[in-house]
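Have a look below at one chain only, the form predicted on its own, in structure tokens format.
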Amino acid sequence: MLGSDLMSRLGGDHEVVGKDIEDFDLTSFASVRDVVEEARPEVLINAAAYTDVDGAERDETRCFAVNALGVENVVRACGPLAVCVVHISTDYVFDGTKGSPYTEEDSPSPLGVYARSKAEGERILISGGGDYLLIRTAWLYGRHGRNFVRTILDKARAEGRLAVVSDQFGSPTWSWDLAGAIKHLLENNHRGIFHVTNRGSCSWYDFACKILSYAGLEGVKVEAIPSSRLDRPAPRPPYAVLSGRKFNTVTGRTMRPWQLALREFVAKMARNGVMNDLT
């Protein structure tokens, strides 16, 4: 999802080489080293991750192999060539109990296996001693791959009614906007940790209602439910909103509100006939 948008946004102005899951094994240092030595990039963007939050509770080994060992392999392979590593992380590294947006200075406090694996990947990156740009983002959706927007439209058209949790809050983020922000950070040689999401926050319930509204599905009944009703294996941070103040201050730019991004995304997908393919 994000990788495709990064290729599109970076490809017009830079020489970009894309590698997907079938091209190499992120959990193998030899495989990662071969890819890096063949391309010899100035910058390597690691947008790969094990993202099945509940599945991670059942397969901790695989989750850590991708999200932690994979980062170690990238850092080791890039070090001798002085390659800057851009790594994509998540709001899940925080436990969501702060009660206000998390800043880059807040210490990670991960809850479940997935969250711990992402936090460990961050630690490996930061302690590696090389040049890095660590991007934390949240609630990502986009043209490619499964995501919350597609799931909501799928279920709404198939079932006509939805039950969505209303006690978890975050910032929906269009992968296209995130890719643009990463491009700007790289082109202006920014390094360190940045929180990048579309502006504002909402609950999953609010997010679902806006998706249906922008898609013109006003007749779908949406029930707000507590997280406890779903009885999921992995814990979720209740309020994992990320502060974009550092990004705004350093770049002089502001990410657009999540509602505007979502409305454009849904409209664009409808024009391209993609929405009709979701049922």
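Everything quoted here is computed from the prediction, not taken from an experiment. A residue's number is simply how far along the shown sequence it sits, counting from 1.
Another form exists, predicted together with a small molecule; not displayed. Remarks below refer to it.
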Query - Per-stretch contact check against the small molecule in the predicted complex, the hit in 33-41, 246-254, 49-57, 207-215 (non-hydrogen atom, 4.5 angstroms) - result: 49-57
Report task. Decide yes or no: are 21, 26 and 88 jointly within 4.5 Å of the small molecule in the predicted complex, with each residue judged by its heavy atoms? Result -> yes
Report summary line: As a check of understanding, the residue in 241, 220, 66, 45 with any heavy atom within 4.5 Å of the small molecule in the predicted complex should be identified as 66
Query - Position in contact with the small molecule when the complex is considered in the predicted complex, options 181, 162, 138, 125, heavy atoms within 4.5 Å - result: 138
Query raised in the report: Would residue 118 show up as a contact with the small molecule in the predicted complex if we use heavy atoms at 4.5 Å?
Result: yes
**Report entry** residue 174 within 4.5 Å of the small molecule in the predicted complex, heavy atoms
**Finding:** no
Query raised in the report: According to a 4.5 angstroms non-hydrogen atom cut-off, is residue 62 in contact with the small molecule in the predicted complex?
Result: yes
